[in-house]
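First, one chain by itself in structure tokens, the form predicted on its own.
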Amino acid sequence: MNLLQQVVNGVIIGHAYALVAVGWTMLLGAARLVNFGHGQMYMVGAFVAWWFMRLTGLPYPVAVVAAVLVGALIGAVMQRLLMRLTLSRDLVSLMIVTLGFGQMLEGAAGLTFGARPQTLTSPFQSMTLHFGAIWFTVQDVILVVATLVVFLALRLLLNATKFGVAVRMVAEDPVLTRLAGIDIARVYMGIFAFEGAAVAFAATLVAPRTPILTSMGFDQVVTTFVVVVLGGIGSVGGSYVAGLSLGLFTALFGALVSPAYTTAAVFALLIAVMALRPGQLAASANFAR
């Protein structure tokens, strides 16, 4: 076994985890809300890119843009439909409704795209780079670089723009934010649209590594939940570190112990962290860090 190769694999997987989770982290940090349709939005993003390439014959980068636009539209429509629940912060109802919304997306995707596994073809996935016994693909490099760019851009957005100021104000106190004359409904709309765009973008970069299925949304929900909890709910920087750490953990555990027990080991780690640091469950007030 090449231990260094497993570390490289862990870094790549970790960046994939972080990128998939960044939209939900933004939602949790600013709106203190959850979206259990997040995984199905990931699935739709992957299928939209695949379908767009198959239908039009246009190259992979154009399909990525198309998927991001569709993801943002789904997020905005979802928020529009759930506006009343969002403004009232009815968390239990939102959990149930977003779970149902995710199941509807899965059913619609099954009817539209079929139940057969598909492959999102990226020309960069077949381009391999070798450094001695270590290898990875150009697609992996793009994934890592894109994740870093997204997290840095999000930090810049939250700390250096008017919209970022509004988002942080909503995260701190939505009632006072409304009294200050800020339309918090529009802020929430932007947050949900960002979540949809970000998870679709993640799907287009991660999906070329594996077959895409209409049923793969549940796994993404579970992974995202673990990342945002381990990183401190709502913490942007924490989600990046947690995603990277989780990727390294799963790669090394699978290589040194057994891939069959990786999921159980991840949840054992999550339980241990929650038991030792119960404050992780509290939403971070300074989520822009």
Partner chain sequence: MSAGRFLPLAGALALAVLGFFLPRLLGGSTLVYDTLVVIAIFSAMSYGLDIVLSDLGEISLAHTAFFATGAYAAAILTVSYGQSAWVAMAAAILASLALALALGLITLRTREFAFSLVTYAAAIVCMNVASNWDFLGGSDGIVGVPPLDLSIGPITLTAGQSFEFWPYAYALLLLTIYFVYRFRRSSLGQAALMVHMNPRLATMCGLDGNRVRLQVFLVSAPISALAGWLYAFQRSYVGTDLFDTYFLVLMLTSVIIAGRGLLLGPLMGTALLMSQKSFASLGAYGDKLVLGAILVAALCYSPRGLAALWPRMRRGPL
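Just so we're clear, the structure is a prediction, and the values are computed from it rather than from any experiment. Residue numbers count along the first chain shown, from 1.
Not on display, but discussed next: the form predicted in complex with its partner chain.
Undergrad: Can you tell me which of 91-99, 68-76, 130-138, 197-205 lies within 4.5 Å of its partner chain in the model of the complex, counting heavy atoms only?
TA: The contacting stretch is 91-99.
Undergrad: Within 4.5 Å, heavy atoms only, which of Val34, Val62, Val241, Ala255 is in contact with its partner chain in the model of the complex?
TA: Among Val34, Val62, Val241, Ala255, a heavy atom within 4.5 Å of its partner chain in the model of the complex occurs only for Val34.
Undergrad: Can you work out whether its partner chain is within 4.5 angstroms of a heavy atom in all three of Val11, Ile142 and Phe151 in the model of the complex?
TA: Heavy-atom distance to its partner chain in the model of the complex: none of the three under 4.5 Å.
Undergrad: Consider Gly107 of the chain shown here, and say whether it contacts its partner chain in the model of the complex, taking contact as heavy atoms within 4.5 Å.
TA: Heavy-atom contact with its partner chain at 4.5 Å: present for Gly107.
Undergrad: Residue-level contact is defined here as any heavy atom of the residue lying within 4.5 Å of its partner chain in the model of the complex; does Phe218 satisfy this criterion?
TA: Answer yes; at least one heavy atom of Phe218 falls within 4.5 Å of its partner chain in the model of the complex.
Undergrad: Could you tell me if Thr263 has a non-hydrogen atom within 4.5 Å of its partner chain in the model of the complex?
TA: Within the cut-off, so yes.
Undergrad: If we define contact as a non-hydrogen atom of the residue within 4.5 angstroms of the partner, is Ala146 a contact of its partner chain in the model of the complex?
TA: Contact check for Ala146: no, nothing within 4.5 Å of its partner chain in the model of the complex.
Undergrad: With its partner chain taken in the model of the complex, which residues across 189-223 come within 4.5 angstroms through any non-hydrogen atom?
TA: Heavy-atom contacts within 4.5 Å come from Thr214, Phe218, Val222.
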